[in-house]
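First, one chain by itself: the form predicted on its own, in structure tokens.
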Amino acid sequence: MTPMLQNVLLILVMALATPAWAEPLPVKEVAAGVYVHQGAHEDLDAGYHGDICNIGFVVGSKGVAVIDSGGTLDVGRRLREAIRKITDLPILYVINTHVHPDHIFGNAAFREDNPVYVGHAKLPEAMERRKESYMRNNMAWLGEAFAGSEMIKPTRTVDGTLELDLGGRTLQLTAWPPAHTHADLTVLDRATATLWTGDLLFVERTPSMDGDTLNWIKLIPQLKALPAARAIPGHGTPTEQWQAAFDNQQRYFQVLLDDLRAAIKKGVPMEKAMETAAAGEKAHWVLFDNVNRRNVNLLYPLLEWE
């Protein structure tokens, strides 16, 4: 066998042996040292591939902080490969903005880096409470693509605020009262005034409700007062018009609440309200029909007891 043929065979063997996760996720640098991979607009239980939310990382002079890790081990590994294309600095932190499965199941991809896993003080409890159902549902949705994915809880939690030093830049983490979930965390990169909102902000995609929507609405003025130049929402396109994006989200919330309260007052059953509540908002959001129906299912019983 000639040396040239040996080299060709070696390349072929290496290509076949390279797992699919070695292909780095595409990321965009939205500010100096701040990289985002934008997830697809897919619903969780229909056409879901584990890659629907915005995930990414921030690079300092000492190391890297990952902010959300994706919905599967595979997505997390591809995010790690994207980091390694840009820097060899150590991955110091893996931060989860909340408990939802599309944001947390890539955590195990970073285990070998021995990072500090960071989350809201209530995140460990939320993870434990939902672990069984999340594992079962994601196996049903993703099948083999979910293999190896696991739930890794925070090793450091935030109750109030916490600052993380990446070297030459500080991340300010803020734990919020119940809103999108009961364990929401934002991350503000002070060096670039870039705000990672997690799912406290949705852009383009219909906002989904889980925690305390009435309190979420009350928190929006506080969120809009944060000293940010741009925001990376949990879903949708990063934007410098982030305060207007919060206004759009608040409008949807208010229209939905007003319509549901009117329906309840008229005795319209929940099943009918699912078809009519906030119908005027449909043109403004993707995945509206499915997500809005779930929001009605959550809110209607609560509003009945007002």
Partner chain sequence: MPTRPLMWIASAILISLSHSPVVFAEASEALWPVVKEAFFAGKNIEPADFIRLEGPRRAESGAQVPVTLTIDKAPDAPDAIKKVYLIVDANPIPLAAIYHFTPLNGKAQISTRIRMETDSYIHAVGETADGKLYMTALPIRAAGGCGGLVDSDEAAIRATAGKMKVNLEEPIKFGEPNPATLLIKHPMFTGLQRDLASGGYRPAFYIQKVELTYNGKPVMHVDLGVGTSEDPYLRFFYRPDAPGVMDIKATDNEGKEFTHQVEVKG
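What you are looking at is a predicted structure, and each value in this text was computed from that prediction instead of being measured. Positions refer to the first chain, counted from 1.
Below, we turn to the form predicted in complex with its partner chain, even though it does not appear here.
Enquirer: Although its partner chain is absent from this view, report whether Glu125 comes within 4.5 Å of it in the predicted bound form, heavy atoms only.
Expert: Yes, contact at 4.5 Å.
Enquirer: Is Asp159 a contact residue for its partner chain in the predicted bound form, using a 4.5 Å heavy atom cut-off?
Expert: No.
Enquirer: So in the predicted bound form, does His284 come within 4.5 Å of its partner chain, heavy atom to heavy atom?
Expert: Taking the distances in the predicted bound form, the answer for His284 is no, it never comes within 4.5 Å of its partner chain.
Enquirer: Evaluate Ala46 for contact with its partner chain in the predicted bound form, applying a 4.5 angstroms cut-off between non-hydrogen atoms, and reply yes or no.
Expert: Taking the distances in the predicted bound form, the answer for Ala46 is yes, it comes within 4.5 Å of its partner chain.
Enquirer: Can you work out which of Leu257, Met270, Ala279, Ala31 has a heavy atom no more than 4.5 Å from its partner chain in the predicted bound form?
Expert: In short, Met270.
Enquirer: Can you work out which of Arg190, Lys85, Lys218, Arg129 has a heavy atom no more than 4.5 Å from its partner chain in the predicted bound form?
Expert: Exactly one listed residue reaches within 4.5 Å, namely Arg129.
Enquirer: 101 to 109, 137 to 145, 164 to 172, 229 to 237: which one contacts its partner chain in the predicted bound form at 4.5 Å, heavy atom to heavy atom?
Expert: Going by heavy atoms within 4.5 Å, the stretch is 137 to 145.
Enquirer: Flag this candidate site as yes only if Met274, Tyr300 and Glu306 all have a heavy atom within 4.5 Å of its partner chain in the predicted bound form; otherwise mark no.
Expert: Every listed residue reaches its partner chain in the predicted bound form, so yes.
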